[in-house]
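Before any questions on how it binds or moves, here is one chain, the form predicted on its own, in structure tokens.
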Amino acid sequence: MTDAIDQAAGLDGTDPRHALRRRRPEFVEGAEACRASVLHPADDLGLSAGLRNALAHRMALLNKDDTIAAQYVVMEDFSAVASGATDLPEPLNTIARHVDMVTADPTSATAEHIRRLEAAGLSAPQIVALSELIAYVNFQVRVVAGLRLLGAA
């Protein structure tokens, strides 16, 4: 099985890094299950798959990873979100600014940032779902970067 992390890192079944990842199959399976749950949950809580993919694309671009960005299919309705636009209608503008801030400078996040999401109309479950998406995509970027570095050694 080749998952999204393998694909982004350029790994196939013949690559030693692919075999290395399989030494901990629970991590490979867990990462793929996490990806599915943050992008296509059984209950999207009003954060559609289109929006989730656009935000994931945006985060990958912010991390300067075009390969990962290409994994997230952007629907036309969300092309401005995906491309990094900052003049979006609410609540998209607040969501996008939050995604950008946590991706670029996570240590600056404060309770006030959560209050802004609430003021924009997001519920607690939506904020948790958004946080899970942000965490997964940034995790994916870092794991893929590490795998690429191992291949360069």
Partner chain sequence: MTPQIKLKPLVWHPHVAPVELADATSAQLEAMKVTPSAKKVSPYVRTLAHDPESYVARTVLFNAIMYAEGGLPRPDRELGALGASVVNGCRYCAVVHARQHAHLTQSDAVVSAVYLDRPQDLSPRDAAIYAFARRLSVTPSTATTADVQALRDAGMEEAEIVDLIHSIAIFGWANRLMHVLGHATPA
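Numbering follows the first chain given and starts at 1. Small disclaimer: the values here were computed from a predicted structure and weren't measured.
The form predicted together with the partner chain is left out here; the points below concern that form.
A.B. asks: Would you mind picking the one in 85, 70, 127, 120 that has a heavy atom within 4.5 Å of the partner chain in the model of the complex?
C.D. replies: So the residue touching the partner chain in the model of the complex, by this definition, is 127.
A.B. asks: Taking the partner chain as it sits in the model of the complex, is residue 41 near enough to touch it, meaning that at least one heavy atom pair lies within 4.5 angstroms?
C.D. replies: Yes, residue 41 lies within 4.5 Å of the partner chain in the model of the complex.
A.B. asks: Under a 4.5 Å heavy atom criterion, is residue 15 part of the interface with the partner chain in the model of the complex?
C.D. replies: Result no; residue 15 lies far from the partner chain in the model of the complex.
A.B. asks: Does the partner chain get within 4.5 angstroms of any non-hydrogen atom of residue 150 in the model of the complex?
C.D. replies: The answer is yes: residue 150 has a heavy atom within 4.5 Å of the partner chain.
A.B. asks: May I ask you to state whether residue 30 is within 4.5 Å of the partner chain in the model of the complex, using heavy atom distances?
C.D. replies: Contact with the partner chain, yes.
A.B. asks: When the partner chain is placed as it is in the model of the complex, are 107, 132 and 135 each within 4.5 Å of it, taking any non-hydrogen atom of the residue?
C.D. replies: Yes, all three are in contact.
A.B. asks: Within 4.5 Å of the partner chain in the model of the complex, which residues of 43-77 have a heavy atom? Give them in sequence order, or say none.
C.D. replies: Contacts from 43-77: 43, 45, 62, 63, 64.
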